[in-house]
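Heads up, the chain below is alone and in the form predicted alone; it's given as structure tokens.
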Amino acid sequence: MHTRKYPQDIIKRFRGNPVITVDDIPFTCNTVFNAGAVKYQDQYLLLLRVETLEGKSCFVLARSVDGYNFEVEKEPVMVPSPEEPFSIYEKRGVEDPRITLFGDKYYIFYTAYSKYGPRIALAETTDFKNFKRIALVSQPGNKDAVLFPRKINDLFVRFDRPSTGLSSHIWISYSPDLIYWGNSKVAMEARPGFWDSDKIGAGAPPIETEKGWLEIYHGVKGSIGNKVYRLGCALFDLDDPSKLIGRAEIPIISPREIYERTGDVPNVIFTCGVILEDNDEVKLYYGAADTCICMGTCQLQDLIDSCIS
């Protein structure tokens, strides 16, 4: 039995949730959810996944000076590519961007979606005005990729989530150039009987701490038509991030509010990005019920403690 330290969830919800809904998008669309997050030139930026009325997702940028009140740009910054080799694999949209600052560039892992299934794709930007696609970097059946913010043993490192049958787990892969990836292995498994028993996937890019790489991830449990998506966190070794060294038994946030339980896909909390402030406050941005964008906060140490305990 886990002794509860927190009233409900470690993540404290912003009272003004949701922070972005379809009413904030300047053009007609179906839903907005699953945003990459980053701080850029003293602004908080969210790279929103917006689903059009055709059911295809594109990326739209939102800006804020305080991390709570956002203004959404009028036009998408990335739409499904009309050019090969990307076009055929983005016919059904671009989804779930994760942003990692690496040197002076911002790399974006996203899901290219088509009739062939999901693939991981990579883009880059330096100004969030011009976005350049680099490559398709996985086979089909792979998504939820996050890039580590520095090389380890002179290699780029990522977590991803290939589909492997009834249960899906978080894998780790390595690359010399961000394009060709290999030496893949399972880094963390779904846990039978737990809240993350059916499948797990990387959420926000890993945060480097003194105790290890902190990864906020999503876990799924339930039957068809009654799946519940929650968020959890885990710690991985700094020098060898394939080694899991700590994992929270309880979720850090679960669907409880009406905006998390009712929507296009009910009972879903799903993150693609967090922002770590100088005072170690974590601002977590998450898609709720695949319908809107919400946010919550906590202290970094609380997440670390939950993994260690």
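Given the structure is predicted, the values throughout are model-derived calculations rather than measurements. Residues carry their position along the shown sequence, with the first being 1.
The form predicted in complex with ligand BMA exists for this protein as well; it is not shown, and the discussion that follows is about that form.
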Though only this chain appears here, would Tyr229 touch ligand BMA in the model of the complex if you measure heavy atom gaps against 4.5 Å?
yes
Glu215 versus ligand BMA, in the model of the complex: is there a non-hydrogen atom within 4.5 Å?
no
Against ligand BMA in the model of the complex, would Phe70 count as a contact residue? Criterion: heavy atoms within 4.5 Å.
no
In the model of the complex, does Phe59 come within 4.5 Å of ligand BMA, counting heavy atoms only?
no
Using a 4.5 Å cut on heavy atoms, which of Leu276, Val265, Val38, Cys29 is close to ligand BMA in the model of the complex?
Val265
Which of 267-275, 60-68, 252-260, 238-246 has heavy atoms within 4.5 Å of ligand BMA in the model of the complex?
267-275
Are there residues in 66-90 with a heavy atom within 4.5 Å of ligand BMA in the model of the complex, and which are they, in order?
none
